[in-house]
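Presented below, as structure tokens, is a lone chain in the form predicted alone.
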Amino acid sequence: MEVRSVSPEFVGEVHGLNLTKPISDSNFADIDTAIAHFGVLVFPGQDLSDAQQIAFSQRFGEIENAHGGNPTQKKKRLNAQINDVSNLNTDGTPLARDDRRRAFNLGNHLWHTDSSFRAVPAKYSLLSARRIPATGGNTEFADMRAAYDALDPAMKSQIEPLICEHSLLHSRARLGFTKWTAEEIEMMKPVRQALVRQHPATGRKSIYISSHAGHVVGWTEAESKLFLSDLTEIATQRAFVYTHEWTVNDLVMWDNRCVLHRARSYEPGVVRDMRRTTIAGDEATVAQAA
């Protein structure tokens, strides 16, 4: 196993492993060390089945059940442990341009961190590229540790105590998606998250922001939206961003506690089959409201 640095402090590329087979404890320990250092790891050439992706992911902890991650998916195409972030119908054909499920999935094109809309947010995500467009459909990642480090002392002091409410309602409303059933609204109740997190392995602080964050507790709606928009713009400057150009069978793993990501556009009607396993987090960032 070898980890090649793509970005010295942010992205590593892992070679010499065949993830279709069980990995040794030694290799797992090396991956665990590498993900804590980099935040994003790329495993090229991993022709994984869903079962093999699940087996590898389970080495890092319990897999988060996909239920609730997309309320518009009434029927599942994949195993409950796999998040279907493709643009495909249950029969494997691309969703129509005006399909409600496609409209919801466009929220993935906003900067976000997976499952910050859950009271206990996600730890890691592992995304496997099964079929990809000939052009477009890249994924961008932003290093929230580097973004925090670059803030001036006054801004660090300002955001340190802040708590935000996160919900899928907030991120989808930004794209004009506001028509929900009562059941869906109940499923997407806002949760509270700290705006600054400290990584348990490295001690580094990071900005914990997302398109799911729509309100700063104790602030007005207008000042909350403006502040969060400005902070996201600061945190996703090009200096902090890595763009991954997908190749079929790439597996990319990232740490949701300190990394933002977003999908980029591609031709509607072209197949993009991406499958994500998400490792459940260990604890809430702050106490939840009653």
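If you're wondering where the values come from, they're calculated on a predicted model, not measured in any experiment. For every residue, the number given is its place in the sequence shown, counted from 1.
Omitted here: the form predicted in complex with a small molecule. The next part is about that form.
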The small molecule contact in the predicted bound form: residue 187, any heavy atom under 4.5 Å = no
Distance check, residue 143 to the small molecule in the predicted bound form, heavy atom within 4.5 Å | no
Looking in the predicted bound form, any heavy atom of residue 225 within 4.5 Å of the small molecule?
-> no
Do residue 170 and the small molecule share at least one heavy atom pair within 4.5 Å in the predicted bound form?
-> no
Of 49 to 57, 256 to 264, 65 to 73, 25 to 33, the segment with heavy atoms within 4.5 Å of the small molecule in the predicted bound form is residues 256 to 264
Non-hydrogen atom within 4.5 Å of the small molecule in the predicted bound form for each of 192, 205 and 285 = no
Listed residue (93, 79, 158, 138) with a non-hydrogen atom within 4.5 angstroms of the small molecule in the predicted bound form | 138
